[in-house]
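In the block that follows, a single chain appears as structure tokens, in the form predicted on its own.
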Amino acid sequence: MPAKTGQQYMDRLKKANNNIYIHGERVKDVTEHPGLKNVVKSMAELYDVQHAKADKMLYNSPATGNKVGMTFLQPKTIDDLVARREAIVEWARTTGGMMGRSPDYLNAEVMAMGVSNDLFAEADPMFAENAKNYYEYARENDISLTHTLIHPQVNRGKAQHEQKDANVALHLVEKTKDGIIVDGIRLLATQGGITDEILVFPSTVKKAGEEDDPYSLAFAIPNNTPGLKFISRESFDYGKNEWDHPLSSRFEEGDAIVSFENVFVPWDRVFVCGNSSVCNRTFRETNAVVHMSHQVVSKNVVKTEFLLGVVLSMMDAIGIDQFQHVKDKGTEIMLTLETMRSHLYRAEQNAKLDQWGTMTPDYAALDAARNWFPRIYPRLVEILRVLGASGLMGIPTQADFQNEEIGAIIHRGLQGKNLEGYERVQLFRLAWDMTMSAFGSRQMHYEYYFFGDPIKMGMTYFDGYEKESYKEMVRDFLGKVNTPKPNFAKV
């Protein structure tokens, strides 16, 4: 089928009956469960947006001519790259950038690995063909994906094969003529169980050696595959209305531990099998990390725009925008936004065709942005929290306003300079949900670790940065100093 609608997305989930547990119980229907139904509804809205804005969100499939999702596009020109980004932005603006694993993130990964599949052929040409076919399958059927990258946090000081219980992590159990058997635990599948399939790849933040080959796997399987379980953390959607919890009641994606209990994966769904070298190089050598970063930076531009809008609205609501320190804090967010936009513009305008004919953004710009945003986002949240001050504590619920005895009291007592009490509290509840609620705290933690440990990422960034030209600049400058060098021969 071509690009799906929201109803088709929900119908698939009902039919799949994925094996997901939350709050100690197996979920019978994710479209009805209190902790999941609202995010499912929000995901469905994204798929409906594709059709409502088809000129931006859909394109003609090169294989079938059907209308498929623009976020699956293999860009061939800079204009294509911009068009894909505009589709990403449409989805991000639907959520205020608060849904970090909207479908476009993994659509970009599947595309890159599907068209840049030569690396997978090192072990067997079949694996390269599998990657190509899976991209086409995902695109033509509008497959929604979750993914899992990391092993359980047992002993970070040891490699997987050195662990006391070496079989706790997902590993290869057996190869058969029809496929492979895998067993073990993986972390941390965002939207686990509310998507069609799961993409399994190892994290490349910490490189693996040959002794970890049994853990070096990459494959994709349906989320209702026998033996596959999603064990979700507590939901931060507390069943409150959208007025009281404007973000967590709509965009609480969830994160799940993934258990594989002797799960069978057919050969045509395997991309890497027991090859740490290929796994270590996959994201970079296929340019998947570049296209995924393009989606992330695009989303984070929108997220920063949204946060700035809340801050400016808050300033205006209570008349604090004339104070020097308030303007300075607003400037910090504005500078962040313009810096992120500049990174994105440079990435697109300096894009080049790669060896597979894909217009690939300038990774230097995206790499800087993806290393910087996790470090600055906590500061942006802090600014919002500081400017909200006690106003983020004095936030009655909608039910309080609806109470005949106290509603008029708080409506008058909580008025702002430019907003009535009811409207001001609604704005401050949004700011609270971005910063101080369980949802807001998770957002900050999530952004900080989005691509992995920021310190390790920073070390990798430092080690890979071209340094010699800058040192040469200093040597040239000092070499032109017109003073004689002392004679140290007698010392």
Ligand SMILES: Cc1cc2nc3c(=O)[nH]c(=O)nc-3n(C[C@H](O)[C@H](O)[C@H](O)COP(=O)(O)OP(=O)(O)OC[C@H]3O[C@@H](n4cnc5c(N)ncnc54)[C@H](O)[C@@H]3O)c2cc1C
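It should be emphasised that the depicted structure is a prediction, and the values quoted were computed from it without experimental measurement. The first residue of the shown sequence is 1; numbering continues from there.
This next part talks about the form predicted in complex with the named molecule, which is not shown.
Residue 422 versus the named molecule, in the model of the complex: is there a non-hydrogen atom within 4.5 Å?
So residue 422 does not count as contacting the named molecule.
Given that the named molecule is not shown alongside this chain, does residue 189 nevertheless sit within 4.5 Å of it in the model of the complex, heavy atom to heavy atom?
Residue 189 belongs to the contact set for the named molecule.
With heavy atoms only and a cut-off of 4.5 Å, decide whether residue 452 touches the named molecule in the model of the complex.
Residue-level check for residue 452: yes, a contact with the named molecule.
Interface membership of residue 332, the named molecule in the model of the complex, 4.5 Å heavy atom rule
No, residue 332 sits far enough from the named molecule in the model of the complex that none of its heavy atoms falls within 4.5 Å.
Heavy atoms within 4.5 Å of the named molecule in the model of the complex: which of the stretches 41-49, 62-70, 443-451, 26-34 has them?
Partner-contacting stretch among the options: 443-451.
If the cut-off is 4.5 angstroms on heavy atoms, which of these, 368, 312, 406, 149, is the one near the named molecule in the model of the complex?
Exactly one residue meets the criterion: 149.
Please identify the residue among 402, 342, 153, 355 with any heavy atom within 4.5 Å of the named molecule in the model of the complex.
That would be 153.
Are all three residues 101, 255 and 456 in contact with the named molecule in the model of the complex, where contact means a non-hydrogen atom within 4.5 Å?
Affirmative, all three are within 4.5 Å.
What residues, if any, in 392-414 have a non-hydrogen atom within 4.5 angstroms of the named molecule in the model of the complex?
Contacts from 392-414: none.
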